[in-house]
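One chain is shown next in structure tokens, namely the form predicted alone.
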Amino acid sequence: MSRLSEYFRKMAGTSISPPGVDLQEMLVSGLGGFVGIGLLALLESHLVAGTDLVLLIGSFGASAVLVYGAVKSPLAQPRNVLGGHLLSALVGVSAVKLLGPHTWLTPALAVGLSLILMHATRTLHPPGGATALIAVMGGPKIQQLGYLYVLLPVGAGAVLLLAVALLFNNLIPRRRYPEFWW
């Protein structure tokens, strides 16, 4: 088999898609996402509205999918959620400070280095890539935060999502969260 045909054969996949979940699991996952993101949005509207601070960023939506909808996934565990977001935020802010926000290289470097760092520290959390990208492309309000972005909104928001995930997921009899801490 030629290398070219082997290359294209890999694109066919090797398995079948996982089974779906029942209606109860769908509703519980949705309710968890509603509570977690709703609490962040509520706190943002009451605590930081009218300031230069933010508490809710787009990558938290993806984290909510993992911590409320895929609770057993290794990517949804506390180490990954907190470590992935914090390290990626640090990389994203550093990339902006070193290269500026308006080059093609800055977002690519922020996401690529975040991925390497998350793998190296066993904190892979896919929304972390978005957290790094938001540091670069989130606009003046985010960029003016500088390294404060790592703590607020990223650190505080990730801790709040985790706290809600612990309380909410363990209320459901057939759920258990987390699978591991560190």
Partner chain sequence: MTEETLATAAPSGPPELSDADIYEAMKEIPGYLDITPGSFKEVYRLAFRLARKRLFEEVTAAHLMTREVIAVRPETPVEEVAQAMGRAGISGVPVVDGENRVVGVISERDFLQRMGAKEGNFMSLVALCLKTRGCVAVPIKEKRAADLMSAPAVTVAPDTPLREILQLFDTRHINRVPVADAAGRLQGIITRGDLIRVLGGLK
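Since we're looking at a predicted model, the values are computed, not measured. Positions refer to the first chain, counted from 1.
Another form exists, predicted together with the partner chain; not displayed. Remarks below refer to it.
*Asks:* Are any of the heavy atoms in residue 12 no more than 4.5 Å from a heavy atom of the partner chain in the model of the complex?
*Replies:* So residue 12 does not count as contacting the partner chain.
*Asks:* Although the partner chain is absent from this view, report whether residue 21 comes within 4.5 Å of it in the model of the complex, heavy atoms only.
*Replies:* Taking the distances in the model of the complex, the answer for residue 21 is yes, it comes within 4.5 Å of the partner chain.
*Asks:* Examine residue 69 and determine whether its closest non-hydrogen atom to the partner chain in the model of the complex is within 4.5 angstroms.
*Replies:* Close contact exists here: in the model of the complex, residue 69 approaches the partner chain to within 4.5 Å, heavy atoms only.
*Asks:* Would you check, heavy atoms only and a 4.5 Å threshold, whether residue 73 touches the partner chain in the model of the complex?
*Replies:* So residue 73 counts as contacting the partner chain.
*Asks:* What are the residues of 153-182, in order along the chain, with a heavy atom within 4.5 Å of the partner chain in the model of the complex?
*Replies:* Residue within 4.5 Å: 174, and no other.
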